[in-house]
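Here we start with a single chain on its own, the form predicted on its own, put down as structure tokens.
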């Protein structure tokens, strides 16, 4: 298959998904009597500098969440516990940082490590249950999400600080906080310093998948567990390690906002990123670069949603509808494109075999 065809097939699925999502969104707006033209005008309006920074901040958070989900997907594990993992990890990191047991940035580094360890251990519970008791990670991670919320609520009311409006962990000291990056001088919004963790995680994820034995085993076991076992891969061990890695990355999701903005865990802690990360991973096909594009698209849609009601009088809920349709459409589109690719490859192989069969008698005749 030529390079042009391969590129075209790679782009066909996401383009088809966005076209379908756009058509569905327009139909919903038409049915409800909203301004379809106003919706698209807002969606295609170039964001202001402050909005661009907000998009980048959200992209970083969604990228971390998407990679956490993708690690499980690569192993054929459906880790939908990213939500609970990053919540309990963020709480642990905030509680540790607030105690200021270590000086300055050393306290920051230790808190990040605490978040990764707690996230890994919380996800590891599901991995251990899967390999020892055969419990589906879907069931266990759903339950762990609920348990994480209850554990956080219980502990935070025991050790938290009541500021009148809410109960939070102790505010982390000034030296522990991570500064922001001023991308635009006229923008009051700045890039979170720990957003750069997304770049580090992205590079690490690519190296892990493509340059390590573990990454090869991960992809092999995800593609065919029986074939991986036959080739000597310890699949049970891989399941546990994959869940631990997924949880460790999930533990980073809430840190950029917390260390550069809220400086504590409480009612302002952003939720819902774990479930959105699953959609981002699906949209990006569990590929480090694809996930980046998926995170950017979802962040852009979320940011523009805040302008819909102001500029066009449209409920921002339509963006949620659009995001859901994109995920559904991209899954279907990729399957359609995959089947088309298989048929195309089969046709090319059949054509090559036919050419060889026609050429063989002539070759034999010359030889004789």
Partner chain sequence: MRRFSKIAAVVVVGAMALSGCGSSSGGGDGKSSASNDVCKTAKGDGPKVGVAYDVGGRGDQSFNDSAYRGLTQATKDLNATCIEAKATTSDNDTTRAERLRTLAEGGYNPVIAIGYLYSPAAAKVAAEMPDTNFAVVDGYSTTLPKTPLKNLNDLVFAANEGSYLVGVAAALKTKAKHVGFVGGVPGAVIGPFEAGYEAGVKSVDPSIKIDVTYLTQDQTDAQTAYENPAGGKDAASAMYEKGADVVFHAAGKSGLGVFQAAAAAGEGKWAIGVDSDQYLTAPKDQQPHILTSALKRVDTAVYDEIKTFADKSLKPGFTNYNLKSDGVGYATSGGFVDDIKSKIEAAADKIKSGEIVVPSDPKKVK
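Predicted, not measured: the structure shown is a model, and the values here were computed from it. Residue numbers count along the first chain shown, from 1.
The next section is about a form of this same protein that is not shown, the form predicted in complex with the partner chain.
*asked:* Since the partner isn't included here, can you check whether the partner chain sits close to all of 150, 266 and 316 in the model of the complex (heavy atom within 4.5 Å for each)?
replied: Every residue of the candidate spot has a heavy atom within 4.5 Å of the partner chain in the model of the complex.
*Sort through 77-85, 289-297, 97-105, 239-247 and report the only stretch with a non-hydrogen atom within 4.5 Å of the partner chain in the model of the complex.*
After filtering at 4.5 Å, what remains is 77-85.
*Though only this chain appears here, would residue 192 touch the partner chain in the model of the complex if you measure heavy atom gaps against 4.5 Å?*
Output for residue 192 is yes: heavy atoms within 4.5 Å of the partner chain.
*Does the partner chain come within 4.5 Å of any heavy atom of residue 166 in the model of the complex?*
Although the partner chain is absent here, residue 166 would touch it in the model of the complex, with heavy atoms inside 4.5 Å.
*Mark residue 322 yes when one of its heavy atoms lies within 4.5 Å of a heavy atom of the partner chain in the model of the complex, and no otherwise.*
Flag for residue 322 set to no.
_Quick check on residue 342: any heavy atom within 4.5 Å of the partner chain in the model of the complex?_
Taking the distances in the model of the complex, the answer for residue 342 is no, it never comes within 4.5 Å of the partner chain.
*Which of 327, 337, 42, 56 has a heavy atom within 4.5 Å of the partner chain in the model of the complex?*
None of the other options qualify; the answer is 327.
*What are the residues of 223-239, in order along the chain, with a heavy atom within 4.5 Å of the partner chain in the model of the complex?*
Not one residue comes within 4.5 Å of the partner.
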